[in-house]
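What follows is one chain in structure tokens, specifically the form predicted on its own.
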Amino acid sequence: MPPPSSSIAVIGAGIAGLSCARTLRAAGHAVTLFDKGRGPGGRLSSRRAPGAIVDLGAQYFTARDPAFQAELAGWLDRGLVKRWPTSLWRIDAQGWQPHRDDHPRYCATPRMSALTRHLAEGLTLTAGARILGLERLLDGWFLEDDQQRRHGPFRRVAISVPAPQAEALVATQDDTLAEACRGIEQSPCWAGYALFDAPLPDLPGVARDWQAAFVNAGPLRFVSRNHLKPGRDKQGESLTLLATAEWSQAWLEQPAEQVADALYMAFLEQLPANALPAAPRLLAAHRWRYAQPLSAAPGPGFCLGAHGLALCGDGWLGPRVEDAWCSGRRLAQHWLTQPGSDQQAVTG
């Protein structure tokens, strides 16, 4: 096993990068996280709007993997997450129907980003640093950000950003990793959100406190009511409107204002004429250019390159939040149990 003092960089402070960093840090390694955002989050990002907090990425997560289930149990015990939604619906050609399956769903409280902030506790995070390039010298890896700051040296580097962004970083350093990135297709997603001064009108035949709905027609695929999530009962009515991958791709370069209007109109089309809400006081949209992988790359859930360079994230295992967490953890565990991979970082 490499010495505990080995220094490791993790690019991307989403759920995969945080899982990787925490596993390595728990084993005694010095880990530095880098993220282009103001803080950790990735697709568990939330936005504080006037009078409300809206989740813009993943609205919930499930737990199928045993290791992730064990981690979830600890989060539940500490009150970091709660089960949500418990009133889930489906909208299709037959109208609104209750949706039931065997997969409990969970949401962080009081916002999805609270979970990633918890996972970042105790870690060294350099926020607001978009890493643009990598360089390997005799003493290890150096990273350069968009402010022309240089970070390093690091014996190993884990890249947990979406595959197209990872490819740009590794293209000049590792042809094998770059080719692997090109094999992963990432789908986009537009996320609209609407804030209201009054609750939505009751819908005939639908529970008054419906929390979320799958949409199986038109540009929408999921609608959630943010104020009915755990810890948000003091805020006003607000919706998050997630578009389908196909629609998001077709509207990818359209102005956010037009996208928000289109997604809100698509939601109104799912309501009866006598249950339309008053106009929202705020309507906006956020674009995820690389939201989810269309399919995961075959393999152990991560991708190893030469000289201590590696990739992790949902593109290497699966599209779910738990897949991203498991991917980062698996990469860290591999490094911890394979001493040879650390030597490559310096001697090649």
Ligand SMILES: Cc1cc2nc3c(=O)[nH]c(=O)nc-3n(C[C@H](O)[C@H](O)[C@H](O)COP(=O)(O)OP(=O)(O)OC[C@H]3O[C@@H](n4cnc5c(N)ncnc54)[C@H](O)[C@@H]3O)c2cc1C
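One rule holds for the numbers: they count along the sequence shown, beginning at 1. Predicted, not measured: the structure shown is a model, and the values here were computed from it.
Omitted here: the form predicted in complex with the named molecule. The next part is about that form.
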Does the trio Asn216, Pro219 and Tyr264 actually contact the named molecule in the predicted bound form, every residue with a heavy atom within 4.5 Å? no
Exactly one residue in Ile91, Leu177, Val223, Leu169 has a non-hydrogen atom within 4.5 Å of the named molecule in the predicted bound form; which is it? Leu169
Answer option from Ala114, Ala129, Leu200, Leu195, heavy atom within 4.5 Å of the named molecule in the predicted bound form: Ala129
Residue-level question: is Ala13 within 4.5 Å of the named molecule in the predicted bound form, judged on heavy atoms? yes
Using a 4.5 Å heavy atom cut-off, state whether Pro319 contacts the named molecule in the predicted bound form. yes
How about Val54: is it within 4.5 Å of the named molecule in the predicted bound form, going by heavy atoms? no
Can any non-hydrogen atom of Leu44 be found within 4.5 angstroms of the named molecule in the predicted bound form? yes
Heavy atoms, 4.5 Å, the named molecule in the predicted bound form: which of 223-231, 71-79, 158-166, 252-260 makes the cut? Say which one. 158-166
Partner contacts for 283-318, taking the named molecule in the predicted bound form and a 4.5 Å heavy atom cut-off: Trp288, Ala291, Gln292, Gly313, Asp314
